[in-house]
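Shown here is one chain on its own, the form predicted alone, set out as structure tokens.
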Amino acid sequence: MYKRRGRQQYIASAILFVLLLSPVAIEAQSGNSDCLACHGDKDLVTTDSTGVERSLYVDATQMENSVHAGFECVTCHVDVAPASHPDGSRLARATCGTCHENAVTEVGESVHGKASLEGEALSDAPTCGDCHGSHEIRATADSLSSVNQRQLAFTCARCHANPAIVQKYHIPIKDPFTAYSRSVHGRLTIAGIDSAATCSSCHGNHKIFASNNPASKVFHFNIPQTCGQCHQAIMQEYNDSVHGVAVARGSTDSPVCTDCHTEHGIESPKVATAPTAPRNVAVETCGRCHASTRIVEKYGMRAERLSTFADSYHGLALRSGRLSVANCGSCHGVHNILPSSDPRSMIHPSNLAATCGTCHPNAGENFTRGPVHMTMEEKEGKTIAVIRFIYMTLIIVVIGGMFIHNALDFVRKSKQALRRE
């Protein structure tokens, strides 16, 4: 049953509502006044099936500022009838589908809509009002709307950053809001860049599906197209790459955007913690596949790509903190990675001089003759063998000579000291 906390407050609210009547909505508001006679009372509450007390107060001012200003209450609350209300009986939810049929149909097909059909989840599955608001619904373009570009992440976070709901429904990603708010997309959105990606950009508006559903925008094979909505040139490069071609052929092992850039915490490569940052890209990003025994064996790829890079001059310099030194992307490309046999590849023999020349000006054909990623089992060329022999000989002669010189000097000085004693 409803509860009231003061007749005087109700009367004051009713008077305020009357004063706010606009000429355009005069007819509808006349009808609404019967409803607001009770629901204009801020203390009108009810207790739901879970024992939680919920307010039944309706702010007439909010209604008049909403996109539904001028609507009658019964337009949405179609089951209101004098015989059944107000007697404490529960009314059905407001009917959005009368006007928004397509949206309601899409929600019904979504993960949210299906969850609402499961008895246990009924109280948690979001309704139209949970995302759009109830009587204060504003247009999406309105920055005060809960589904506006700048507000949407906060709206979704009410459930997806709620530990109790995440645990109850075994949602695999614990707190996407925190990761998103720190990401390049989140920071741009908060800064007021309306073109920055937000939740609906990647997951959809009403037709939100689980990531294992082929219809989902974040299904593995759909992710390049989803990101390509904003990053079209990169998507084209990726689609032509060895990774994009493999994905198009149905490979679930071939990486898509989120495998390298992460899902919600996407950062610029300039940020030190980004998996695509120079310091991390070899081990955290490329190494996850190219150092994987399972993937290397499955696809017949050359092994030890990561370890041979780590042992190279570039790898050693990178580990010492020289971030300007070449990493995987410097030689193979970033999104446009192609096999070395492809004339468009940065590591095709005809392009190697230009690729190396990016860091080593005047690098010519001879500069590129040395093999890279060479393992102990692979033979080096004659030129490299001669150079290696000369370097090793010089190292032994110089270091050995210094050691012998210092040792003899130490012995001589020791003898002189003993004689003086």
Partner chain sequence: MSNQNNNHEYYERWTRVERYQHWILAVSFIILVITGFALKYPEAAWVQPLLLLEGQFALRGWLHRIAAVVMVMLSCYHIGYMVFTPRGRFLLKAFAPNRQDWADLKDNFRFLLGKRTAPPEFDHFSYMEKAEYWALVWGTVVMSVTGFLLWFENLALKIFPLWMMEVFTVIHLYEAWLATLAILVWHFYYVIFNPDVYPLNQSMIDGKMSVHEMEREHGRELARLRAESMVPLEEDAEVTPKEISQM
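Fair warning: this is a prediction, and the values are worked out from it, not measured in the lab. Positions refer to the first chain, counted from 1. In this text, the rigid core denotes the largest set of C-alpha atoms whose superposition between the two forms falls within 1.5 Å.
Not on display, but discussed next: the form predicted in complex with its partner chain.
Enquirer: Check for me whether its partner chain, as it appears in the predicted complex, comes within 4.5 angstroms of all of Asn366, Thr383 and Lys413 - heavy atoms only.
Expert: Heavy-atom distance to its partner chain in the predicted complex: all three under 4.5 Å.
Enquirer: Could you tell me which stretch in 296-304, 181-189, 316-324, 152-160 has residues with non-hydrogen atoms within 4.5 Å of its partner chain in the predicted complex?
Expert: The contacting stretch is 316-324.
Enquirer: With a 4.5 Å heavy atom cut-off, would you call Ile395 a contact of its partner chain in the predicted complex?
Expert: Answer yes; at least one heavy atom of Ile395 falls within 4.5 Å of its partner chain in the predicted complex.
Enquirer: Might Ala37 be said to contact its partner chain in the predicted complex, defining contact as any heavy atom within 4.5 Å?
Expert: Contact check for Ala37: no, nothing within 4.5 Å of its partner chain in the predicted complex.
Enquirer: Within 4.5 Å, heavy atoms only: does Pro361 come near its partner chain in the predicted complex?
Expert: Pro361: yes, in contact with its partner chain in the predicted complex.
Enquirer: Any chance Arg388 has a heavy atom within 4.5 Å of its partner chain in the predicted complex?
Expert: So Arg388 counts as contacting its partner chain.
Enquirer: Would you say Thr393 moves between the shown form and the other one, meaning its CA shifts by 2 Å or more once the core is fitted?
Expert: It does shift by 2 Å or more.
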